[in-house]
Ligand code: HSE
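Presented as structure tokens, the chain that follows is alone, the form predicted alone.
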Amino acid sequence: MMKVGFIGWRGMVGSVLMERMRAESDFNAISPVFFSTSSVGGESPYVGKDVGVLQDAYECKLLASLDCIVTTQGSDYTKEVLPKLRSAGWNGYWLDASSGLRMDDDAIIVLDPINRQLIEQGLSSGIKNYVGGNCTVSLMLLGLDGLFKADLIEWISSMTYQAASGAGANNIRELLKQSGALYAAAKDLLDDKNASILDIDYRVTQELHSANFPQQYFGAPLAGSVIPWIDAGLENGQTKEEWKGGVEANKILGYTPDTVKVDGTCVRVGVLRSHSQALTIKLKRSDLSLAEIEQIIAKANPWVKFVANNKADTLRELTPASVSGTLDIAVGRLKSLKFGPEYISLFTVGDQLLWGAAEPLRRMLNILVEKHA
């Protein structure tokens, strides 16, 4: 039975990973050891069997005794600990939710419904580092799986609408605090049916501009607004989040860089945990009907949920509220564009904490368990 260590399991992505593993009884097939950077000797999470107390996440001798380490602790932890383990001769598997290793030659970005063959090749060739991809990229690839498998995509313009969860737990709390502050600013007027909507708008606007408005983590209001900037800026005018769209998509697919061009604008919106994307796509063929394209998309994998392009279905099934907490990748609003028959657009939404973060790691661990059995 594989001996597997878990670091960062208390955090947002780690908590979702623990929840999924318990739901799928994954802990039955491994011997888990839980680590902490701050509560050594404390109580480990309940996983259905005795796993002892929390161990020191920086104790390399104990870490080196493991067959596999799963970390959702972040890139700083990876940069500090992994080189020490490798230099000491540890040859175990490192599964990582952070971005630090993604573009390394000796790491594979895991999304097994898309690149299982690439993962198998990596295992056969001795690669030991397997990392989760950027959340919007993983969700986009799952939604467009059928089009990629049919080699139909020339380029993609991706306009993302990314949830607060992509920035972290503190940001989720701040979004809710911002929403509460806006409500409190106008509550008495909202309760008065005779109040002017312009007076309500004035109160809300004043609160958004207030020096006391909570924005420690976002750096700007998100409730009642959007933030068209995510991650650091690059010299070419992109943000790093926008850069990831192309480089990570091609690496996950096993393509050489820029084989499929992906670019666009990434925007933070006032949603808790599901990312949406409006995609403009140039196809390599101009002879496909929308009905044929729909079938290609809908039949690609078990998680794609195609939504008919009408108002009722869109409002019911193609929103962050409708997919949050599920493994569904909703794809809809499919239509042809006026630029030519090879141009289409669609809208897709998926849970950033599930397929965008925890689920690929959970499934990669299960692949290793199967190999180890």
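The first residue of the sequence shown is number 1, and the count goes up from there. These numbers come from a predicted model, not from an experiment.
There is also a form predicted in complex with the ligand; it is not shown, and the following applies to it.
For the ligand, fitted onto this chain by superposing the C-alphas round its site in the predicted complex, the count of atoms within 2.4 Å of backbone or C-beta atoms is zero, giving an open pocket. A residue is said to contact a partner when one of its heavy atoms sits within 4.5 Å of a partner heavy atom; A249 fails this definition for the ligand in the predicted complex, lying far away. At least one heavy atom of E241 is located within 4.5 Å of the ligand in the predicted complex.
Contact annotation: G166 falls within 4.5 Å of the ligand in the predicted complex, judged by heavy atom distances. Looking at T72, you'd find every heavy atom of it more than 4.5 angstroms from the ligand in the predicted complex.
Exactly one of the stretches 127-135, 104-112, 151-159, 290-298 approaches the ligand in the predicted complex with heavy atoms within 4.5 Å, and it is 127-135.
None of I230, V204, L283, V269 but one reaches within 4.5 angstroms of the ligand in the predicted complex through a heavy atom, and that residue is I230.
Contacts between stretch 338-365 and the ligand, counted in the predicted complex as any heavy atom lying within 4.5 Å, involve Q352 alone.
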